[in-house]
Every structure is written in C-alpha cells, then in structure tokens.
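The data below hold one chain only, encoded as structure tokens and taken in the form predicted on its own.
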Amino acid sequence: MPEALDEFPRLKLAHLPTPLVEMHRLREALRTQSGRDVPRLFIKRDDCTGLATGGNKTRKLEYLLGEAVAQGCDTVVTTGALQSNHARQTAAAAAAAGLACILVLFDTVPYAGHAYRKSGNLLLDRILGAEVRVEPAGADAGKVFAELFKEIEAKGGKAFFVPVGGSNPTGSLGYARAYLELADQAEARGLGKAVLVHASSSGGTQAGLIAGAQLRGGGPAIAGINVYRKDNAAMAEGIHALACKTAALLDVSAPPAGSVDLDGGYLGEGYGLPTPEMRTAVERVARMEGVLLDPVYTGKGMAGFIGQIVSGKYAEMEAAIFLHTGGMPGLFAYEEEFVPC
C-alpha cells in the first residue's frame, strides 16, 4: 500500500513515526464526569513531527516541497492568518530545503490580544528567515498574489505556491501516509474498533486521512471537529471533494458521498476566537497529561473530543484517538486567555 505514495516526489522533513500515547488520567476523569465507562483514550503526537516545534503541516509539506524542488522552484509562497501554524512550518521547511520563503498573512482574525501581532508563530516566522508581508482583512488576494508573482519573476526567481494549510491533493498525500502509520500503530497495540478525532480546518488533513483509509481498505473511523467555518455542511462537502481528488491521485476508489463526519458544535464565534470550552480543554490536558495544545485548533478540537466522549458518542468503541496537530506557539499569542492580567 505505501508504494502508491512513493510514486510522488517527497522531501523528507518529519520525524516519523510520531508516538501514539495512552491518556490514562484523562480517561479516568471523563469516566467519573460522565458516570459511565469510556473507551481507552490515546493521543497521536503529530506535534512531534520536528521542524520548528512540529505540527501536522510538516507531513503535507514533504510532498508539496518535493513537488517544488522537482519543478526547479527557488521561492515558496504561502498564506494564512497572522498566527498561521502552516506559515511557520512552511518557513521552516523552506529553510531546511534551501528555498526562499514569502509569507502573505491576512489580518482576518478580530482578536485584540496585545501579543497576537508580535509573538507566537509570527515571531518564529521571522526568526526562520521568511519574508513576512501583512495584508488587511479586506485586501484583494488575487491582486496581491499576481503582483507578488510578477515581482519574483522579474528578479529571475521561480515561485511555488502552497495553498492555505497545504490543503490540495498533493498536500493531502501526507495524511494518507499518516493514516497508514496510525492504523498500523493501533493494530500493533491490539486496538480493535477505534475512532480518530481531530481539529478540521482547511480540510487537507481530514481529506488525506479519508483517502488513506480508502487506500488501506479499513482501519479507525475518522471524525473531524470544525474549528474553521460556520457553514458546516458546505465545509464537509469541500472536504469530501478534496478526499475524492486525493483518492484519484492514489488510484483508489472515491469515498462515498456524505461520508465526512464533521462536528460543527465547538467553533464558537469563529475561527481563531477563544471559547470557554477551549480554555478548559487546554488546561485540563496540560495538567492531566503534560501535553500542550493550542488555542485555535487542538484546544477546540480537544473540547469537541471530550464533549463527544462524555456524551457517550463513542461508547461502542474500544479506543478513541485524538490527533494532536500541533500549534503550541499560538499559546504565546493568546496569553491573556490563560494568565490573569
């Protein structure tokens, strides 16, 4: 099965395989809270992929930058919000590959924390040597990128564009491979019926996992927690479309329509905006398992994971696995949420 993934250019950047760790103390707490038995709880530590504090985008960037190098590009361009984990990992990947990196970050999250526009991922982007260009929320993205590509070309460069979150079929190959890795780990631990839950945003991680399940022909179920958009049904449709394109790259059958499990109940007011449930989840996992989550993705994802476990959604499962997609540097940009002023 992995042979299908080996047909694509890949620049090895990640520390793999990442650990699969059991969360004993959290399980006991949720068993007490819910008054019922709960599945064994695990965390898949994709915050340990290496590359500038790690995260899920590194797996995607292995294929994306592999394609960039194969095309002879010398400059990587990507985009996101100011505290984009993807931008930070792209800057690190470009540095490791010896490529220039330009980050076009849009100031779209209406968060007024004093460190949000200076610290966290934004600080690391600059330390990693990326050129950071900040655009206002209402900027014309098409015009911004058209002018930037002309500028790079005029200087004799060749640009490679990486979409938001690395979420296209090429990037999603990274999580098709990750699904094979996780499923093999679960099998080696003797876990039978299991579910893999994760924060879902630009869609490439969930789409890649779904395509990986199609490639493997079975394994843990896949469930996303929407931390990105209020139009949950449309977001699920977009993830399904991307999963179909990724499956087509791998020459496997497309996932059936309506097969994307996406819970929209934990987004709150919007992307990047804190919720009480997120704060509780971040502090609870830190103090029970010694694991740091982030305010934008894994904090809300873990809030959903805990809520689903307590509600009994996975009562029939032997194990529930949370995919830790990284993002810890974002804590420093949201310090007001956790430290009294």
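So that there is no doubt, residue numbering starts at 1 and follows the sequence shown. Predicted model only: the values in this text are computed from it and were never measured.
Just so you know, the form predicted in complex with a small molecule exists too; it's not on screen, but the next bit is about it.
Colleague: For the chain seen here without its partner, which of 274-282, 29-37, 310-318, 54-62 has a heavy atom within 4.5 Å of the small molecule in the predicted complex?
Modeller: Heavy atoms within 4.5 Å of the small molecule in the predicted complex occur in 54-62.
Colleague: Evaluate residue 226 for contact with the small molecule in the predicted complex, applying a 4.5 angstroms cut-off between non-hydrogen atoms, and reply yes or no.
Modeller: So residue 226 does not count as contacting the small molecule.
Colleague: Does the small molecule get within 4.5 angstroms of any non-hydrogen atom of residue 212 in the predicted complex?
Modeller: Because no heavy atom of residue 212 falls inside 4.5 Å of the small molecule in the predicted complex, the answer is no.
Colleague: My question is simply whether residue 93 lines the interface with the small molecule in the predicted complex - judged by any non-hydrogen atom within 4.5 Å.
Modeller: Looking in the predicted complex, residue contacts with the small molecule do not include residue 93, since no heavy atom lies within 4.5 Å.
Colleague: Might residue 199 be said to contact the small molecule in the predicted complex, defining contact as any heavy atom within 4.5 Å?
Modeller: Taking the distances in the predicted complex, the answer for residue 199 is yes, it comes within 4.5 Å of the small molecule.
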